[in-house]
Every structure is written in structure tokens, then in C-alpha cells.
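The chain that follows stands alone, in the form predicted on its own, written as C-alpha cells.
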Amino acid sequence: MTLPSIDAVLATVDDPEYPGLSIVDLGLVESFDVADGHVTVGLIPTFSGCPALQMIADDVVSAFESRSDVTGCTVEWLAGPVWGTDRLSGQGRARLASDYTVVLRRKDGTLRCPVCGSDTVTDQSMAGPTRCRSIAWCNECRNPVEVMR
């Protein structure tokens, strides 16, 4: 199996919370290796307690083991480097904003609304729909938005 085809297979695996957004675009893929047809993939979790880790690993294994040129696949969840929003691809950032109204905190700590582009977004609750997201509010368009931590 060639390196470009490994990238292509990994790009078909979506994050369970964000259908249509691959684990590649989310920056989860840290490493991969092929030895005698067996693929080993090293992934970085967005959050160590994420309940979707097993689902993601199972989807990666299924994607590779469906190929005739792969004899097996192992997924290793790596403790480092620590995942951060800087690992997201440009396409991943754009899809999070447009399809899921998820905003990323800028380096200065401010937030820009993914709906209207306003900088008048304020934190509302550190408790979000999952442990890796919190809730904010846009004072301009009056939409709730999720903040990826």
C-alpha cells in the first residue's frame, strides 16, 4: 500500500460527531506505518475522555480492512503531542463554521461568530453538548454557537 493511498483511506473516515468532516481535517492523524500489509495508525484524541474514540478506531480499522491489499489494521491512541485547534486543516475549520456553527477561540481569547462574522461573541456556559465544546452567544445575530476547546 502506498502513502498516497493511506492518506486517501484516512480521509474517508469521518468524525462521528461531524459527518462529512474527516479525521484528517480534524488533525487526529499523527502517524501511520505499513509492514507486510498491516497498517498501524497513530491518532491523537481531541479529548482524552471522548466517548467516540472506539467508534473512530473501529471506522479506521474497517476502512483499511475492506481493502484487498491490507492484511490488518491497528489503531493506537497516542498520549502526545496534545491535540489543539491548530491541528485543524483550513477545510476543517471552514466546515466546522459553516456546517456546525462551531467557532474556534483566537490566540487573543476572542471569538468570531461563524454565522454573521461579528466579534461580539460571549461565553455562556463551559458545559457544552460534549466535554470538548462549550457554548457561546453572538450578541449581533443572537445565535448560540459552540466553541471547540
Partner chain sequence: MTTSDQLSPGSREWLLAFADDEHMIGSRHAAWIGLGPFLEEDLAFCSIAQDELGHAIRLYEFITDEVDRFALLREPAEYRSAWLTELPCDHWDQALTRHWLYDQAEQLRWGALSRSSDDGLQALVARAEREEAFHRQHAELFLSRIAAGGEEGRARIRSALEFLLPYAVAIWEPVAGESEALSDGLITTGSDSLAQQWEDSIKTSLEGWDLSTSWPQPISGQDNRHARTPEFPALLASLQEVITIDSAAIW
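Just so we're clear, the structure is a prediction, and the values are computed from it rather than from any experiment. Positions refer to the first chain, counted from 1.
Below, we turn to the form predicted in complex with the partner chain, even though it does not appear here.
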| query | finding |
| --- | --- |
| Proximity to the partner chain in the model of the complex, single hit among G80, G117, G90, G109 (heavy atom within 4.5 Å) | G80 |
| Which of 33-41, 48-56, 64-72, 93-101 lines the interface with the partner chain in the model of the complex (heavy atom within 4.5 Å) | 48-56 |
| is_contact(P16, the partner chain) in the model of the complex, heavy atom dist at most 4.5 Å | no |
| Within 111-145, the residues that have a heavy atom no more than 4.5 Å from the partner chain in the model of the complex | S125, M126, A127, G128, R131 |
